[in-house]
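Given next, in C-alpha cells, is a single chain: the form predicted alone.
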Amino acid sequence: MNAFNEAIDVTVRLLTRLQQESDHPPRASRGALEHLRLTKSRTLAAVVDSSRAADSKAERLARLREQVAVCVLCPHLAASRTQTVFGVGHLEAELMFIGEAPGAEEDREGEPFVGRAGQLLTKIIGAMGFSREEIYIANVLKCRPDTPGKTAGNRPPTPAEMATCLRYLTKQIEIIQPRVLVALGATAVEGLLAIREPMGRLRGRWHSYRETPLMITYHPSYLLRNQSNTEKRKVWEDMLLVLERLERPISEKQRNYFR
C-alpha cells in the first residue's frame, strides 16, 4: 500500500512539473491531477477504516470475554468451574466450529477442544486445508457442566444451561461474522436450534442460524468411539459440503478420503 501511494505522489509531482515547465506539456488536466490526489486520499481512508474495524472487532470480543469470565448466571457452574472457556481462533475466520461445552481438560486449560476430541478436530481442520489458527472454535456453554462428587467424566449441559449461555455464543458469531458455522453433535444442535432429532436426520444438509449457513455433523468424540471408515466418511462428506460452500478448492485426494 505504501508503494502504491508513493507511485501516485511521484506521478502527480512529475505531471505537475511537466505541465509547468515543458514547452509541450502533457495532457494532464487539473481534473486528472485532482482525481489522482483524491484516489490517494480515498485509499488512505479505506486503510484507516479497515484498521479501525479490526480494532473494533478485537475490542468487542475482548469486552465480551471479560463479561463471560465473571458470569454467574448459572451459580452452580460458576461455583464449580476452574475458569470459563471463551473461544479461540482468528478474528476474520470464515469458518466457525461449535461444540456443546468444555470438558475437564478444557476447564483446566481455558481453551475449547484440547483433549482427544480436540486433537481429532484439529486433524479434520487440517485435512480441509485450514490451520487451527485460521478458523474459530467455541462452545454453546462457556463453563464445564458440574459433576458433583466426581473428579473425572463429563456430563452434557442441560437445555436450560445452554439457553442461558447462548447469548454469549450469539454475540461471538455476530462479531466474527463467519461465512459458515459447523455444529458438532446433537447437543450443540439443541443448544443452537432448540431441536432434538437423530443426527442421521440432521447431518449432511444445510440449516441456518440467524441467517448464517449451518452444517451439522457428528462430534469428534463420536468418531473416537466409532472408528469405522463408514462413519468417518459421513463426517468428511459434511466437510466437503462446507468446503464447497466456502468455494475452496477440493483435490481428488480429498474427495476420496475414507472410500
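Residues carry their position along the shown sequence, with the first being 1. As the structure is a prediction and not an experimental result, all values here were calculated from the model.
There is another form of this protein, the form predicted together with a small molecule, and it is not shown here; the text below is about that form.
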Q. Counting only non-hydrogen atoms and a 4.5 angstroms cut-off, does Glu106 reach the small molecule in the predicted bound form?
A. yes
Q: Look up in the predicted bound form whether His219 has a non-hydrogen atom within 4.5 angstroms of the small molecule, and give yes or no.
A: yes
Q.
If we define contact as a non-hydrogen atom of the residue within 4.5 angstroms of the partner, is Ala101 a contact of the small molecule in the predicted bound form?
A. yes
Q. Applying a 4.5 Å heavy atom distance criterion, does Phe113 contact the small molecule in the predicted bound form?
A. yes
Q) in the predicted bound form, which of the stretches 159-167, 71-79, 123-131, 92-100 has residues with heavy atoms within 4.5 Å of the small molecule? A) 92-100
